[in-house]
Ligand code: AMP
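Read the single chain below, which is given as structure tokens and is the form predicted on its own.
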């Protein structure tokens, strides 16, 4: 039985190099992963500019000035002022040469040919300096960054219209279990609707992965093995749920044999989701999660998500661990390392009300972290220091 860390190291070492890259328009790049670092070739702002509407003048001059011109945002003229002169200036407009400050128009009499300044300002005030945001050669985004709307704003401000990104990770999702039905069909006695497949498909979409196919199979090892053979060359990773324990209908062990796959490990020293099975088939990882819905969710977040993040070229792909304060009471004795659904508010972590069994999912709505309780812990008390795995 592997520890969580041992299992992750085995999975990481089994992966091939990063994916191919492609060029995409900047406006279509949100959520993608940069395959190269990007530096600026220009200054931003590209000139000294005014952050407000007012008058640009020399701070050493008096409080009554002659207005010689007006400059608006987008004005391309190169203006100059001398002693006793000023220009009326609008937000975003370039500062004329000779001027070293801008006074707000609210602090003047709004004069058009001659203006009186009621509250003078000092040298350098109310000027956005050329290059104060960034200069040529400054790094704007790093290889492995997940592109956010802020990245896009910054890159656009640098005149960049296309970026090089890693292509999306391609995934096949399989739910196994003769008891499973698809939502929308009548539910017969003894059957349940599949929750794991739709949950994993939607989480993969959040992570920017491309789900090539999602299938539900009865407990038939031959059919599952045949399907995996048919799709493995079209995907980068295969995720399955169910059929990984020790029962007669736990078919993924037989699937492994039928495929002739390399078994990386079976069973991880953590609850829920202990019987995690990891295979390698045709150089692709196959991660088989527990069929219990919360166990499948926890197993995905702790093991599959980091693997997908690394495959996608993300710079930060490992689980994000945070030390924080526990609020509430948790009375269960943890004979094995335990992962518990919880909510982290930035300063402390607390549990959700409701059923916390591995087969219950509703009480996981709103979960943004997994409370990581070490083996041998005799419950948790309010105010105790704990570790969480933050789900980003």
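Residue numbers count along the first chain shown, from 1. Nothing here was measured: the structure is a model prediction, and the numbers come from that model.
In what follows, reference is made to the form predicted in complex with this ligand, a form of this protein that is not presented.
Contact here is defined as any heavy atom lying within 4.5 Å of this ligand in the model of the complex, and by that definition each of 241, 290 and 293 is a contact residue.
Residue contact with this ligand in the model of the complex: residue 250 places a heavy atom within 4.5 Å of it. Shown alone here, residue 194 lies within 4.5 Å of this ligand in the model of the complex, counting heavy atoms only.
In the model of the complex, this ligand lies farther than 4.5 Å from every heavy atom of residue 141.
Taking non-hydrogen atoms only, residue 175 approaches this ligand to within 4.5 angstroms in the model of the complex. Between the options 83, 179, 106, 72, the residue in contact with this ligand in the model of the complex by a heavy atom within 4.5 angstroms is 179. In summary, the region of this chain contacting this ligand in the model of the complex, judged by heavy atoms within 4.5 Å and restricted to 95 to 103, 241 to 249, 301 to 309, 123 to 131, corresponds to 241 to 249.
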